[in-house]
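Provided below as structure tokens are two forms of one protein chain, presented individually as structure 1 and structure 2.
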Structure 1
Amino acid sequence: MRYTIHQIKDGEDELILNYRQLNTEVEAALAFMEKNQKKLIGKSDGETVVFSPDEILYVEKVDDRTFAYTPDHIIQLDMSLYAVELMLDDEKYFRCSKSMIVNVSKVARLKSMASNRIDATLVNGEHILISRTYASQFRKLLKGERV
């Protein structure tokens, strides 16, 4: 497949795929585009925000509402925590308690606590607690065992 790359000075980054028929190469390119287009939509301060899952520090369910926390925003999502868990579908997003999913790649430090709980310090300095129920699964995940 022939491809052309242009560097632009203004506007958004854009990928355009021209094809005559679907084949494995085109499908691979489409899969790449779709994967990287995985975006979440939510509301923050009354405005609609579109953001990448990579920005998430953690997702929390509070009073039946789901919030995604990024370094800059608290975004209310219009989906359940379970739906977010299914959508993210990556081992780095770990269900660390009944009401929370943490982005493990945004964890700066871990501290072992009493009763086999784990305190995780995120890159922005916030602390979250991995409950005893989920701590052993978390340890397995870190060791590279599939959970």
Structure 2
Amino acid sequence: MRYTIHQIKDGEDELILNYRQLNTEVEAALAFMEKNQKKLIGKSDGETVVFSPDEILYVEKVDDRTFAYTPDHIIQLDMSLYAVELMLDDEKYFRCSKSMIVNVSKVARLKSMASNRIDATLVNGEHILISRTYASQFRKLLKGERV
């Protein structure tokens, strides 16, 4: 498959896919494009909020409720943590404990801790812990290995 990339100075980013016949390469490109168009819906301060998964710093289950944390909002989701995990991109989001999923691209610094845990500092300065159960998988992910 041949592809062409053009950088534009202004306007909206756009992906165009031209194909003669649907095949595995085209299907993979379509899946990538559709995955990036997903939106999540939740409640924040009594309002319904529609947001992109890319905005998520982490998702956490607290007292049988699921919350997505973005730089600007804490949004309650009407879905289980497992359902959120299935919806998110496997390479960008990582289950870091039994009750939390972290957006790996939002991790700024890491610090090893006792008991094989990892203290992850997010881009907003917030700290989360990656439990020892998931720490070795997280290290493999950072090295580019398949987990």
Partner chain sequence: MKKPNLWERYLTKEIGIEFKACLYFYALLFFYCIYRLCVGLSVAEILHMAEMILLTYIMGYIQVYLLWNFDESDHMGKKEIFGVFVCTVLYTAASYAGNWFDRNRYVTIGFAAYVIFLYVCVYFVYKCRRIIDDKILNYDLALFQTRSASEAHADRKDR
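Please note that residue numbering is based on structure 1, beginning with 1 at the start of its sequence. Take the two forms, find the largest set of C-alpha atoms that superpose within 1.5 Å, and that set is the rigid core. Computed from a predicted model, the values in this text were never measured in an experiment.
Enquirer: Do you reckon the form predicted alone is 1 or 2?
Expert: If we ask which form is the one predicted alone, the answer is structure 2.
Enquirer: Establish whether a shift of 2 Å or more occurs at the C-alpha of G125 between the two structures, with the two forms superposed on the rigid core.
Expert: It does not reach a 2 Å shift.
Enquirer: For S136, decide whether the Cα shift between the two structures is 2 Å or greater, given a superposition on the rigid core.
Expert: S136 C-alpha, core-superposed: shift of less than 2 Å.
Enquirer: How many Å does the Cα of D13 travel between the two structures when the structures are matched on their rigid core?
Expert: The shift comes out to 9.3 Å.
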